[in-house]
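Single chain ahead, by itself, as structure tokens, in the form predicted on its own.
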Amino acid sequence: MIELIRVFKRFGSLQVLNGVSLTFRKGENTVILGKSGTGKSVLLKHVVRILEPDSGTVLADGRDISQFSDSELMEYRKTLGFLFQGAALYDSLSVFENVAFPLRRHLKLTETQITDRVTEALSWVSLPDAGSKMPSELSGGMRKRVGLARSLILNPAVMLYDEPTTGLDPITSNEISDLILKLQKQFGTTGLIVTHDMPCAFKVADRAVLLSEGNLLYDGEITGLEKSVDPLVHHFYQTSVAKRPEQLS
């Protein structure tokens, strides 16, 4: 379980998080919604402790992560997988070496063990023969799949997705959404998913939270967005042209 307790964050004159309190429960996919600049990605960076709150607390299993030593922080981050917007692959490394990178950095494994783990991860994202390719040879959807394979190679308990379907066509976006669900069901991962893609949101969410100007406007089932009496929540839903999962092909 990860918990944010009255987290504030300001950059200059811009208040990005304004006392946000949230609990991310084990095994649950939570979709984080809101317009650009409302603090969604900043929230994820606080979970990873890339950013520190100006005030407030981030807890992981009841422990304040700001109090972690360097070694404790490293161990904590091993429990997190992070899929970045652009997949963040190393262009000079092959697909195999990109996926193997966390293993080489954090674990002492033989080459045979590394090969077995990478082969398994690439098969899991339906790219069993892509190991020898370079990132420049991949489509956007394939890059996201490789990024996902690299993220799950250390068996994270929590997956953080920052706009996982941005720039992808609807069919490929749907495939990435399916992988998010598959990861949750097969490994019991907790998912924190920042997205503007409402079909993806409706498909993967057990729960949705909506941020606006750093404030938490909504926290509940995603279907409740349409029924909300809050005018800001209702306006967000209407302008997002939300689609139900059954509308996806």
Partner chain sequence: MTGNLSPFFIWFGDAFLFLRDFLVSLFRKKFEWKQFARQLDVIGTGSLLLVGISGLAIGVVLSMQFNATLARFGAESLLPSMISLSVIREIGPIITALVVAGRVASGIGAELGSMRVTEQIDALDVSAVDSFNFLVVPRIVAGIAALPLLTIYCDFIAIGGGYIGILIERTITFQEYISAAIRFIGPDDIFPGVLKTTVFGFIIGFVGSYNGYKTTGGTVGVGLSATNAVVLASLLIIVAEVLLVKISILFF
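The term rigid core refers to the most C-alpha atoms you can superpose between the two forms while keeping them within 1.5 Å. Source: prediction; values computed, not measured. Residue numbers count along the first chain shown, from 1.
Below, we refer to the form predicted in complex with the partner chain, which is not included among the displayed structures.
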Could you tell me which one of 112, 92, 132, 136 places a heavy atom within 4.5 Å of the partner chain in the model of the complex? 92
Since the chain is shown here on its own, which stretch among 197 to 205, 213 to 221, 48 to 56, 179 to 187 would lie within 4.5 Å of the partner chain in the model of the complex, judged by heavy atoms? 48 to 56
Give a yes/no on whether residue 84 approaches the partner chain to within 4.5 Å in the model of the complex, heavy atoms considered. yes
Against the partner chain in the model of the complex, would residue 150 count as a contact residue? Criterion: heavy atoms within 4.5 Å. yes
Considering non-hydrogen atoms and a 4.5 Å limit, does the partner chain approach residue 107 in the model of the complex? no
Is residue 117 close enough to the partner chain in the model of the complex to count, meaning some heavy atom within 4.5 Å? no
So which bits of 50 to 78 sit within 4.5 Å of the partner chain in the model of the complex, heavy atoms only? 50, 70, 74, 77, 78
Large Cα shift (2 Å or above) at residue 74 between the shown form and the other one, core-fitted: no
Superposing on the rigid core, is the CA of residue 135 displaced by 2 Å or more between the shown form and the other one? yes
